[in-house]
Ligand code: AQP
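Here we start with a single chain on its own, the form predicted on its own, put down as structure tokens.
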């Protein structure tokens, strides 16, 4: 049996470069070799302020983005988390064996509390347990996510070990599949690209003009040379992904003090758009064929439900909810 891979992206709108380089590129690398389940994790979306009236559209936008970048439903399974109820069933079972104090100490929980001080809810604390259930439900062994998710992966492994020691072996201990883009910095010069931070990201659907405007807004010094500002580091980081062959030339100009930042920014913006243009073309094809998208979603949920129920039968039996 092939090893299983699981990864999901929250339904907070269309995918951006951070999602693409940090997670989706890993998904693409894995779908030919492993049995892959890629999800829109809409239940995770509602742990922070959101608009219920746009949630369904956001979910569909991500499915279409998945297809546009090259995830192939003949090679992988696409699911919507809330449509497979075994996610929440397993999460509840796992929550009964994991300490609250450990969740409260997680840096991601503390960060979200600081970001949304008036929206600190039980779901936010519970997030890593549900995330563990997402992966363990399919007995996932590899998870293509950014390095910032490593604390959550350690929670998964701890829960898997605890369950196996208490009830008998069921779950593997998931490992992170590292991608080159495991941490994509914000265009603002601090933190990472995030949909929740306006001005920090470039959408995969942005046109040439939008990309140029966003790249030009990256803060840089007035002259080049010496220690790089955080914004300049962002530009060179993105250059490594989208115009690697020009990095050495621009770096030499920077060191010489002759670099014109607007020249670097415009070249980078053009390179990013050139990479995204075929993805946008493919996306338009799926937008024009909604019935095909509906069929792909329905088929993915159906197959994932079968796999999920197989795991839950084992869990219920191990925990004493059904007879042997």
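Since this is a predicted model, take the numbers as computed values, not measurements. Residue numbers count along the first chain shown, from 1.
Missing here is the form predicted together with the ligand; even so, the following discussion is about that form.
Taken together, 22, 145 and 184 are fully in contact with the ligand in the model of the complex: each brings a heavy atom within 4.5 Å.
The ligand in the model of the complex is not approached by residue 137, whose heavy atoms all lie more than 4.5 angstroms from it. None of the heavy atoms of residue 212 is located within 4.5 Å of the ligand in the model of the complex. Proximity of residue 12 to the ligand in the model of the complex falls within the 4.5 Å heavy atom cutoff. The ligand in the model of the complex is approached by residue 192, whose closest heavy atom lies within 4.5 angstroms of it. When you look in the model of the complex, the only residue of 223, 217, 175, 196 with a non-hydrogen atom within 4.5 Å of the ligand is 196. Residue-level contacts in the model of the complex: of 149, 205, 82, 95, one residue has a heavy atom within 4.5 Å of the ligand, and it is 149.
Comparing 68 to 76, 155 to 163, 184 to 192, 99 to 107 against the ligand in the model of the complex, the single stretch with non-hydrogen atoms within 4.5 angstroms of it is 184 to 192. With contact defined as any non-hydrogen atom lying within 4.5 angstroms of the ligand in the model of the complex, 127 is the only contacting residue in 113 to 135.
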